[in-house]
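Only one chain is given next, in structure tokens, and it is the form predicted on its own.
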């Protein structure tokens, strides 16, 4: 939602129209990654904190330092905050900005994947492990080799393979890796972005090794095509990828979903395998209060749910968000029904 519109919002009235309420209100949480482990829903969000860092296009005001794990018996029950699970001070290679994480499980071990800036200010992706879904998590001493950018999302396919989707432009630094190596800011904070008529930057995918601690291949581009089979262009800002990758599988099809960032939509595209290519399918969620949209999609007892966030609790403060959940519907053709976050 545009910043200039926030000043005119009646937040008491808006919260009455909201289709869902924050899962927790004692802390600010965002970027929810939801999974079902042993019949219970576990949510791995980022933890927004109040800070004095000025707003900029690189997201410097998103100065998160740690992760909490939330859990719920069902999507309609109260959420429990299990407390701090990992702090930046416990990660030897990380300096700041513990942004959107994800988690998975294999052979009774729980893995937390997270981005953070290293000691040189470059975003890398780390891994931490625990014998409990709620942590505490013990980080590996170094980030995943050859990892870069932000927003890791790990998908387990039916054959037992694990894949990581990742990447984000602007502050997520993806545009700085267009040549295969990191480029400095150059002439401005958003340097190295493609021109509007060029193909949009792509999220990345890499199959993980058996121990889930490394890439088992060189990361590949996730290509999103339009209805004519042409890759979406950088100027198609209502549909192109910006950040917040997620993957779920429904009736044999692979649904790659993501945020369009500066245009504030959650969108999806459908493919026949984890690598794509994917064909743009539509919008999942219309814009919420607050600059960002970031989500996950989770099945629980045969029904599907969208976990997302907005800034209604903080009355529109961009970097103080709250996690929410609502049901997600696939129609008879497998298309996702667009969700309006606020009732008329």
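Positions refer to the first chain, counted from 1. No experiment lies behind these values; they were computed from the predicted model shown.
As for the form predicted in complex with a small molecule, it is not shown, yet the points below apply to it.
Taking 246, 113, 99, 137 one by one, only a single residue has any non-hydrogen atom within 4.5 Å of the small molecule in the predicted complex, and it is 99. Proximity to the small molecule in the predicted complex, defined as a heavy atom within 4.5 Å, holds among 308, 62, 28, 44 only for 62.
Shown alone here, residue 314 lies farther than 4.5 Å from the small molecule in the predicted complex, counting heavy atoms only. With a 4.5 Å cutoff on heavy atoms, residue 150 counts as touching the small molecule in the predicted complex. Heavy atoms within 4.5 Å of the small molecule in the predicted complex belong, among the stretches 277-285, 49-57, 34-42, 291-299, to residues of 291-299.
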